[in-house]
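Presented below, as structure tokens, is a lone chain in the form predicted on its own.
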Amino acid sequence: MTARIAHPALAERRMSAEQAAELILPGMTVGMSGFTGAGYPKAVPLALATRIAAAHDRGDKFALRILTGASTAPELDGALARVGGIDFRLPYQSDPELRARINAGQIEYMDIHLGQVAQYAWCGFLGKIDVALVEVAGILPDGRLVPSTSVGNNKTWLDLADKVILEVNRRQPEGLDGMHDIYYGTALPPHRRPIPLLQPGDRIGEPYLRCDLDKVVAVVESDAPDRLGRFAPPDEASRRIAGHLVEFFRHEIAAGRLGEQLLPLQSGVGNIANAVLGGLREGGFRGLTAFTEVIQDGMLELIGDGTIAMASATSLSLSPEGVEKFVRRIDFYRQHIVLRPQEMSNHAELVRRLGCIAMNGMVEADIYGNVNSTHVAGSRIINGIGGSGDFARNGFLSCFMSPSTAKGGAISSLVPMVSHVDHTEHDVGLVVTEQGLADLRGLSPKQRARVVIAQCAHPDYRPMLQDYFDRACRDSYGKHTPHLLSEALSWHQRYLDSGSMR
């Protein structure tokens, strides 16, 4: 790219962020770019928040329905939530301002599998999309758009919205040009056709986003980095979790159920995920592939040293140091990274066909293998289910990981019954804590309970879990999945009452 806005007609539609914000009216549904803190619009949401605050000062109502790819950043979710500018939000969030208002009942929030959002929009389940507000890295002379550091649902918003506002961010590296693969072959039932992707690195679309140029009502120039935080180095618990998983993979290779290059990896975001990826390098694995949602620092390092040969994702969620490393070697990374729309990165059929190994964090699991990924004490949302369900249900192997305790030991991540269910026992293959790994494949509920208690529970809580299970086996209404209904959630209530589950 020699010029960021190379299309003459679109160059004439340049305006300030404040002018563009005037085009967004109260009650509108706005599809915004952004996936896990990358590729979100930086300028217009801040201007919009200022406009909304002024409207509220006048006594006028002004709130929007905000749809994105996943979480964004303080300049978008935080700024709009702080001024009361959001009345509905989907599909994933992580901003503390937004979270607090959701849990206070002030904002309606729909937690939804990331792989389903585009289909919901195309089917009309989310209503009419009035405006698409999308960050891009550039506009080509023919009007095609160079995607930014995330793709997310941008294709869907651009296709469906009545009006389009483009933010062209000069801070995003020009070398992103050619890193994306935007597939335009999807359709709704009964007109669907097989998606011709056979390996994670296959390119089946085109490098650019298309847009009906007549819908573009504003082009705003920005110059700001993605607001991405740093992950703390893996702690001892994370390293032990990683060690258990690597040992398990070696066991599966010896048993002939996995090859030396495993299967395409899906890794959630966070310290444990980074520790697991680092464990694969230390375990001597080479030439691996990834079919995942987010590439963060740990995976970028593994791509750089050849541990991972090819990675497909929808977002680059990198620390400032990771961004510097990425930009410095961007020509190399462009040969080993493909960024796709999230309807492809999280597509159930592709996850199933490729045979992904899904590795995701959890809040808690119960003794029978049900997993809660999203809520504290059953009612307070943390972030959302994200893409973990897309991969857990459809992957070759589904792993859920967590330290065995939290809050200095006041909370056990293994409980008699989870307070909220995101992934049922039917979709959970492995539960891993620093204490050990429970392989739940091929086991009945009571067999699962025995191995979860023995392998994963913290010693401080193991006798309590065993006591509950023994009494449930004796006194429960049924003996297939034994529960004492009067006690099943008592651990959570005890924590709310006293600050500890003990």
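Don't overthink the numbering: it's just position in the shown sequence, from 1. Everything numeric in this text was worked out from a predicted model, so none of it was measured.
What comes next is about the form predicted together with another copy of the chain, which is not displayed.
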{"property": "One residue of E221, E282, D162, E108 in contact with another copy of the chain, assessed in the predicted complex (non-hydrogen atom, 4.5 angstroms)", "result": "E108"}
{"property": "One residue of G85, G115, G138, G268 in contact with another copy of the chain, assessed in the predicted complex (non-hydrogen atom, 4.5 angstroms)", "result": "G115"}
{"property": "Non-hydrogen atom within 4.5 angstroms of another copy of the chain in the predicted complex for each of R13, G306 and P320", "result": "no"}
{"property": "Touches another copy of the chain in the predicted complex: A348 (any heavy atom, 4.5 Å)", "result": "yes"}
{"property": "Another copy of the chain contact in the predicted complex: R210, any heavy atom under 4.5 Å", "result": "no"}
{"property": "4.5 Å heavy atom contact, S419 and another copy of the chain in the predicted complex", "result": "yes"}
{"property": "In the predicted complex, V327 touching another copy of the chain (heavy atom, 4.5 Å)", "result": "no"}
{"property": "Segment that reaches another copy of the chain in the predicted complex - one of 72-80, 340-348, 290-298, 232-240, heavy atoms within 4.5 Å", "result": "340-348"}
{"property": "In the predicted complex: members of 473-489 within 4.5 Å of another copy of the chain, any heavy atom", "result": "S476, Y477, G478, K479, H480, T481, P482, H483, L485, S486, A488, L489"}
